[in-house]
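Quick heads-up: it's one chain on its own, the form predicted on its own, in structure tokens.
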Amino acid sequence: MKNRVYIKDLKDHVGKEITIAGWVDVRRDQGKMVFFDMRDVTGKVQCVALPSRADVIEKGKEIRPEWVLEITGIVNKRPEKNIKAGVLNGEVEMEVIGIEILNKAETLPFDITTDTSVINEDTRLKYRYLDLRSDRMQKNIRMRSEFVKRVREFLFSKMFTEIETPLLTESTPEGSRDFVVPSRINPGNFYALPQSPQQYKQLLMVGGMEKYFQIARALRDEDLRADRGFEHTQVDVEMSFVEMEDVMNLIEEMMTTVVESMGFKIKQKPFPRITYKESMSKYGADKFDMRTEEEKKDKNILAYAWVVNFPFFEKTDEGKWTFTHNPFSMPIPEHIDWLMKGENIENILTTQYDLVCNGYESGGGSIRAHKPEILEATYKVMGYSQEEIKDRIGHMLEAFKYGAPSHGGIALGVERNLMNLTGESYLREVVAFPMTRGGKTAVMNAPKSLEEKQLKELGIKLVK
């Protein structure tokens, strides 16, 4: 589109003939004149069709909300008494001299000019592309983009390298059920979608990358709830030659820099540190909200805290030991000997650190086991045989034999952090195309059955 001007920049073009493009927000027909507000990605502006332009008046009476138009007109200053206080571009309006209808719109299935959170969820997600036009959703998704952008800029400033890791990988025990993908060229075998880039980022440390990050997609087949979905995005970070304090200090600096630059206030700096035992005793959980009732009314206040000294292992329903957070974690130094001997299992603490904020777990990480014998000892505690250990993590044990540096990292949930920044209570409000509560995709109809031809190609038979 030639010489298109964004609505936010109209005040720089007073007295000039320019072209804008966007959606009709509202239309008001006042007989001799037609008024309508146009909306683009940057804001809104009032447009006026005057009686002196009969062709424009005729077209102006035809248009309806959400039609897509290209408007040519002259930018005029509004009279002082008509300036809309607090409205972007409230001091200018467009005198319309030409209207091109790019696309018409039927009546929308719900009103997008109000808070759409009260609309039935199935309807909203069926027409998510319309829901995204609402002011609240525009703000949420753009804030998500700004958060990720500022995180990237911070990490680049600290000499981190952004590296992508595979989406098709091996099924490994990481705490949740895997989503699996059948292999057509290897019938009867399956890939797994990553619950996290955990092993790959550790292998990158063995590869000498030293400082890695990724805005990573993670997929976990776990029960859905308000703050959890099948898919999520995480700021994934790993560093070589570090201890707990190094990782925690870097992330604390990053979160402080990012959220304060976005206009938020942090309740307490440096972030308070509380042990898992103290947290359970005081709050009854390992995630908590330290804000006062008065502070909770101010969406701009963020109460961060670190939780440390987690138990490494816990008992399963079958009475076996399993990891509480991550099997690749390192015990605290004074408990390494217990792990190697398989003693005092219930008392072993790990170098795990969780970042909590306003009642949500915002991120979690640990210092990793970088010696093969330590990782092997962890799997032995969990009851794995030597053969099973080799099958599950033999590639990691092999890699660690070739000069693996000490390393540690963290993953910060993008959606959880955006819920804190926006004040939203549901993860779906900060995701462009989220799942429904029942695990159905927005807009598209998945999951659904495959055609018989596809099943045959994959060598799969369904059991009814």
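Because the structure is predicted, anything quoted here is derived from the model rather than measured. Just count from 1 along the sequence shown to find any residue number.
Another form exists, predicted in complex with aspartic acid; not displayed. Remarks below refer to it.
**Student:** Within 4.5 Å, heavy atoms only: does residue 365 come near aspartic acid in the predicted complex?
**Tutor:** Yes, residue 365 sits close enough to aspartic acid in the predicted complex that at least one of its heavy atoms falls within 4.5 Å.
**Student:** If you check in the predicted complex, is residue 165 within 4.5 Å of aspartic acid, heavy atoms only?
**Tutor:** So residue 165 does not count as contacting aspartic acid.
**Student:** Is residue 220 close enough to aspartic acid in the predicted complex to count, meaning some heavy atom within 4.5 Å?
**Tutor:** It does: once aspartic acid is placed as it appears in the predicted complex, residue 220 has a heavy atom within 4.5 Å of it.
**Student:** Is residue 233 close enough to aspartic acid in the predicted complex to count, meaning some heavy atom within 4.5 Å?
**Tutor:** Outside the cut-off, so no.
**Student:** Taking aspartic acid in the predicted complex as the reference, which of 350, 378, 358, 198 has a non-hydrogen atom within 4.5 Å?
**Tutor:** Flagged contact: 198.
**Student:** Looking at 421, 47, 56, 410, which has any heavy atom no more than 4.5 Å from aspartic acid in the predicted complex?
**Tutor:** For this set of options, the contacting one is 410.
**Student:** Would you point out which of 297-305, 270-278, 177-185, 366-374 contains residues with a non-hydrogen atom within 4.5 Å of aspartic acid in the predicted complex?
**Tutor:** That would be 366-374.
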